[in-house]
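Take a look at this single chain in structure tokens; it is the form predicted alone.
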């Protein structure tokens, strides 16, 4: 470990200064308050002082000349943060979901799977959430894949203004779900008569009264199905970018060979391009699937509290922070996590196997 050690006085002095400053800062902030205006930011001061103190270690380790150990030391703060604020909080949520905590006073009495049993056997709202999530997930993934692939094929023809069209298709992705949800709630307004607006107003102006719809207020599951439209509008461009990148990575020699063999452009895409895009399709399904399982802000903006458009994310929020039923809210959150893990973990395992084989 120390065979490449080189004593460097300046580096050692710098490390000592950082260590002293960090320790002094921790001592000061743990015994005094740091106020900026009317805000108490003592915890921020402690964090900064701790980082300054810790930075003395990698600075000193540069004298050792071993990049492996230095890399480990530099990664330790991130590893600790992830361990505490991700996996630690997940473990805490699991513990709460096994408790009987309802109300502002914590109650960690262990009740086993009671909260999960209540959700699946005696909670009609959660059943609505599961149905809505299934409808939304299937429609959202299929819509994004079909439209994204179609747009990618069109742009793959190297049309004029490709960069402009690519930017237009990707633009919706830069808009937050809550902002687009507010706009689409006006476009798909179910108001009639003198209050008619949005798309229905366009249909009325064109004399297409038969196309006027109640949108997401129609009987389920069609009401939930209409919420897929703004979601697909927002993410189809992202799927297009994934497919287009995959197409551009395919060698032109394969296409030329297929053309020499007499294959039409349709057959080239059908039998050459699309099979090679299967990894892209799998990645898109994983990404879109996990987004649909934890959808929240778009449905809040569209539904505005309508129980018919309820999803687990909204139910978890209202159960926990409006109903103060922390145990059941944690159970809903863990079920959402399990749903996402079912999609993501097999994908990660497959990627690791592929990289190992390569």
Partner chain sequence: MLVASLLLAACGTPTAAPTTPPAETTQPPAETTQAPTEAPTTVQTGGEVEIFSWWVGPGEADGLAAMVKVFNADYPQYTFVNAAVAGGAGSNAKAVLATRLQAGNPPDSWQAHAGQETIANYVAAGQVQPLDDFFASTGFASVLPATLIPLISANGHPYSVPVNIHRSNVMWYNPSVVQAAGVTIPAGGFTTWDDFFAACEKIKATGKVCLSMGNEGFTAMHLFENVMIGTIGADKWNGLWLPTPTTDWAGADVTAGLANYAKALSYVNSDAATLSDWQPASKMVADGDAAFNIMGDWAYGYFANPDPNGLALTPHTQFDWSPVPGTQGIFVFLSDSFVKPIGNKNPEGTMAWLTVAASKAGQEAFNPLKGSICARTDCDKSLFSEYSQGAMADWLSNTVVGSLTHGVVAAPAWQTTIDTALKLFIASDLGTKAQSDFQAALVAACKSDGTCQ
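As the structure is a computational prediction, the values presented were derived from the model and not from experiment. Residue numbers count along the first chain shown, from 1. We call the rigid core whatever largest set of C-alpha positions still superposes within 1.5 Å between the two forms.
Only in words, not in the display: the form predicted in complex with the partner chain, which the text now covers.
K.L.:
Using a 4.5 Å heavy atom cut-off, are 166, 205 and 248 all in contact with the partner chain in the predicted bound form?
P.N.:
None of them does, since no heavy atom lies within 4.5 Å of the partner.
K.L.:
With the partner left out of view, is residue 145 within 4.5 angstroms of the partner chain in the predicted bound form by any non-hydrogen atom?
P.N.:
Residue 145: no contact with the partner chain in the predicted bound form.
K.L.:
Is residue 54 near the partner chain? Define near as a heavy atom within 4.5 Å, in the predicted bound form.
P.N.:
No.
K.L.:
Does at least one non-hydrogen atom of residue 104 fall within 4.5 angstroms of the partner chain in the predicted bound form?
P.N.:
Close contact exists here: in the predicted bound form, residue 104 approaches the partner chain to within 4.5 Å, heavy atoms only.
K.L.:
Using heavy atoms and a 4.5 Å limit, would one call residue 318 a contact residue for the partner chain in the predicted bound form?
P.N.:
Looking in the predicted bound form, residue contacts with the partner chain include residue 318, since a heavy atom lies within 4.5 Å.
K.L.:
Just to be sure I understand the contacts: of 192, 278, 209, 78, which is the one whose heavy atoms reach within 4.5 angstroms of the partner chain in the predicted bound form?
P.N.:
Looking at 192, 278, 209, 78 one by one, just 192 meets the 4.5 Å heavy-atom criterion.
K.L.:
So which of 44-52, 307-315, 285-293, 66-74 is the stretch with heavy atoms within 4.5 Å of the partner chain in the predicted bound form?
P.N.:
Stretch with heavy atoms near the partner: 307-315.
K.L.:
Quick one: name the residues from 108-125 with any non-hydrogen atom within 4.5 angstroms of the partner chain in the predicted bound form.
P.N.:
If the 4.5 Å heavy-atom criterion is applied to the partner chain in the predicted bound form, 108-125 yields 124, 125.
K.L.:
After core superposition, I'd like to know whether residue 29 moves between the shown form and the other one (criterion: C-alpha shift of 2 angstroms or more).
P.N.:
Comparing the forms between the shown form and the other one, which are aligned on their rigid core, residue 29 does shift its C-alpha by 2 Å or more.
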